[in-house]
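The chain below stands alone and is given as structure tokens, in the form predicted alone.
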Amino acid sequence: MTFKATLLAGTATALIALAGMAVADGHATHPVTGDVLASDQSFTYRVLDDFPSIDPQLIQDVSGSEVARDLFEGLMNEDAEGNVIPGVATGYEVSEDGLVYTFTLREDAKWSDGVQVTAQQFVDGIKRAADPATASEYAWFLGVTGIVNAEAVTAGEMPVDALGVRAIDDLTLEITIDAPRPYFPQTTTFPTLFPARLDVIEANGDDWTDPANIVSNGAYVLEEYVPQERLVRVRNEMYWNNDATIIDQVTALIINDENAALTRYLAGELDMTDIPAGQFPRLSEEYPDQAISFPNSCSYYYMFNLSDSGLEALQDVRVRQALSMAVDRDIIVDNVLAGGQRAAYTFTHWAIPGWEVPDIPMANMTQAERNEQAKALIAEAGYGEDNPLEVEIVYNTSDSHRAIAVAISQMWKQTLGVEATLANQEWATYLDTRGEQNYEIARGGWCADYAEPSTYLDLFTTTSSYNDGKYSNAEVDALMQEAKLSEDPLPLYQRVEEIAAADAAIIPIYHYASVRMMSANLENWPTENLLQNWYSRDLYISASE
């Protein structure tokens, strides 16, 4: 089985088109669309929080991954529709049993210091992520890929050399997985599997990602990073496809206040920013060519601390069910957010390819029916007017997160008499709070790493390092293990969602939409890529009319 011929043909076509960039009236034009290009090809966008890390093997958040996809390049990339296309690898071949992937690397792939990108560097990156000494928050992702012995290595039960990865020669990488997994090629687009320059890392230690030290192999290099303010990357002249890159400079401005970010966007300081909760209807009327909303494979939820340090009341499934039922999700999506989001009663995003949402009883009730059942459950658990339940909701600083927390706390108060206090924390502190189970109820958001339900449902397994609620159900663990080897895992995934809903493992609240203000001159944004894995090298700024 081979994928190489198709990939190479598509790449050649794109390169030929981009190489023919025309000039009209002294202005360059886009070789495919014919749009006249602006003379200033700079893209500035807003992020909510600072980056915990931009080290590919240590990245654990969406914003960090966006930066990593610019600075580094993996074996494969994604196109505007989310299809897997060549990256450092020109293509791959798969063994007949679907277990062995052989990637051929391009000869002209270089690091920003001119050193050739090799298969061994991909081996080094994957081993580095798996090594318990690295303490990668995303080491668990290697188990999801199915790389042979990944789970045993990340658990410290086997040496890193036992991983099913090897460099056959400088330009040939072999990866062996434990079972046929159709989504495996897409996992190679994720930063955890990016190559690593161990010489640079060892020479500079934790400071290797500083602008003065970093060496990268992507379309951009890191020019400047001011914590809590901005991160700037500029074109990498050594990138193998630099001639096809149009955007010269990309700046991420760290702005915690969504309304302040909107003001700066309207003042022309940003090319893109998120729309604050509830403002999409107004902005879409005032700026119909700039306000946009489209599906994004992320789910918003509240998690319970079910560890030994958690609130005793929340260990009672009746309390958790009552809290979940009393959340009027339609009010959240229609009135608080009003940006095209969908109410959620399961964790897996509705738009994941091949996913069919199972029949969850609560989803078929009216809100009035949910409220009545919630009242009965909370009373049965021993809480009410004479003994009100008191809980704390922790969320990371954001006007939208606060608006949702306020709304939910009022719903709980009105329906159940629950007294909820709110606590906002800056991003890094919030991550620590969740990871250390130092909370009662916490806001969560999960974005798919690949387009398959397990990217969500693995978080329900006992051993998942991102199971910050410490939910544990032996049947769920067994079902997810069985799904890895199943030719048709859909019924297994649906059963996991049914169990999680019955256990009230989390409170699913809504499925995301990307709700943004985007400059009318910012072109080629991949709105059809459900995972929103975008690359600055694919974008361009058209000239104003």
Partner chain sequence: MFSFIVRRIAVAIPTLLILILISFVLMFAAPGGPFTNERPLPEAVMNNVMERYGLDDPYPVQMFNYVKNIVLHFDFGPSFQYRDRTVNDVIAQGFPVTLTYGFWSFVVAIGVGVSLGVAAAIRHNSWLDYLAVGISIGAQVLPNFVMAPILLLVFTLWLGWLPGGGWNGGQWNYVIMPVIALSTSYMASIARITRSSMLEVLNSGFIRTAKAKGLPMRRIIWRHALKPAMLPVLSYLGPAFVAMITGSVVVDVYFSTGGIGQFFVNSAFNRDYSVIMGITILVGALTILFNLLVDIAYAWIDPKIRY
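Everything quoted here is computed from the prediction, not taken from an experiment. Residue numbers count along the first chain shown, from 1.
The discussion below concerns the form predicted in complex with its partner chain, not included here.
In the predicted bound form, its partner chain sits within 4.5 Å of a heavy atom of R264. Heavy atoms of G98 never reach within 4.5 Å of its partner chain in the predicted bound form, leaving it off the interface. For D330, no non-hydrogen atom is located within 4.5 Å of its partner chain in the predicted bound form, even though that partner is not displayed. Using a 4.5 angstroms limit between non-hydrogen atoms, Y466 touches its partner chain in the predicted bound form. Only one segment in the set 165-173, 432-440, 105-113, 240-248 has any non-hydrogen atom within 4.5 angstroms of its partner chain in the predicted bound form, and it is 432-440. Not one of D40, G64 and V232 comes within 4.5 Å of its partner chain in the predicted bound form, counting any heavy atom. T209 is the sole member of S284, T209, Q321, T118 with a non-hydrogen atom lying within 4.5 angstroms of its partner chain in the predicted bound form. Put simply, of D274, D458, E137, D271 only one has a heavy atom within 4.5 Å of its partner chain in the predicted bound form, and it is E137.
Contacts between stretch 223-252 and its partner chain, counted in the predicted bound form as any heavy atom lying within 4.5 Å, involve Y225, V226, P227, Q228, E229, listed in sequence order.
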